[in-house]
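A single chain, nothing else alongside it, follows as structure tokens in the form predicted on its own.
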């Protein structure tokens, strides 16, 4: 890939993580355990949609083929999406969603804190705006992991199961490949691999405070960053892209 293609894929990765996560968060609308969480998670989904819109719109500009953020969201196939597998997993229950939010938000806090210093002015600006949202998302997820982990026997068991089940998927966040290497060199993007120790330390401290065991499993689930997904993404895209496919000439 040339520099333009690498930059395009890089922006898609960031945008796809936000887009697919927004879908999963939006599923809590009218389904959250309490009204306050119904509003909070719906607003978090809107934050993710705004981030996806900015990143996919910028990806379209870089590509230079006239594709908009809507085109990239609704007119790509499964193998052309580059979100990590963690974002596409079903919600399961509230504890699963909070564990995923903790893992993702903690990683994004470190990643976007580095991206604000990027040589690319557009990405740096997006990162600066996004970081304000990430800090709140991380605080929110932390509060719930603590409440559930150090709560009743049932809430503790569910939170521990979520933490354990999702831990192997978190490893994909720290993969660093040729796309990352090119962006580190070209625009001073953060190196995902270099963030793992800080992430593990931060997340482990929260889990221990929540009286939860820190997972020790060594196996990993990866592939999403290179377009290899679980069956879950296909189900998401079938629903998310239905209207644009059914009415391709519609204007909203």
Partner chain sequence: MELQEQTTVQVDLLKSFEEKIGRDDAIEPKDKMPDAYRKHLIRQISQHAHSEVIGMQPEGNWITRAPSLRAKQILLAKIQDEGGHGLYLYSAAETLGISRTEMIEQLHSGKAKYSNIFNYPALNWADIGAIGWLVDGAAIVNQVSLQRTSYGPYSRAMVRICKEESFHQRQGYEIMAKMMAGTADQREMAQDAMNRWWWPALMMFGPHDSESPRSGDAFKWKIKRQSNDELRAKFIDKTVQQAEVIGLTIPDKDLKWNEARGHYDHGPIDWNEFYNVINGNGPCNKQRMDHHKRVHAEGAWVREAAEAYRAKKEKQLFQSKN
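Numbering follows the first chain given and starts at 1. Treat the numbers as computed from the prediction; the structure is a model and nothing was measured.
Separately, the form predicted together with its partner chain exists; it is not shown, and the next lines address it.
Interface membership of residue 239, its partner chain in the predicted bound form, 4.5 Å heavy atom rule: Yes, contact at 4.5 Å.
Residue 64: touches its partner chain in the predicted bound form, heavy atom cutoff 4.5 angstroms: Outside the cut-off, so no.
Partner contact for residue 106 in the predicted bound form: its partner chain, 4.5 angstroms, heavy atom: The answer is no: residue 106 has no heavy atom within 4.5 Å of its partner chain.
In the predicted bound form, residue 178 touching its partner chain (heavy atom, 4.5 Å): It does not: once its partner chain is placed as it appears in the predicted bound form, residue 178 has no heavy atom within 4.5 Å of it.
Position in contact with its partner chain when the complex is considered in the predicted bound form, options 155, 113, 91, 171, heavy atoms within 4.5 Å: Contact check passes for 155.
Answer option from 123, 84, 102, 95, heavy atom within 4.5 Å of its partner chain in the predicted bound form: That would be 95.
Proximity to its partner chain in the predicted bound form (heavy atom, within 4.5 Å), stretch among 198-206, 223-231, 40-48, 184-192: The contacting stretch is 40-48.
Contacts with its partner chain in the predicted bound form - residues in 51-74 whose heavy atoms fall within 4.5 Å: Those in contact are 53, 69, 70, 73, 74.
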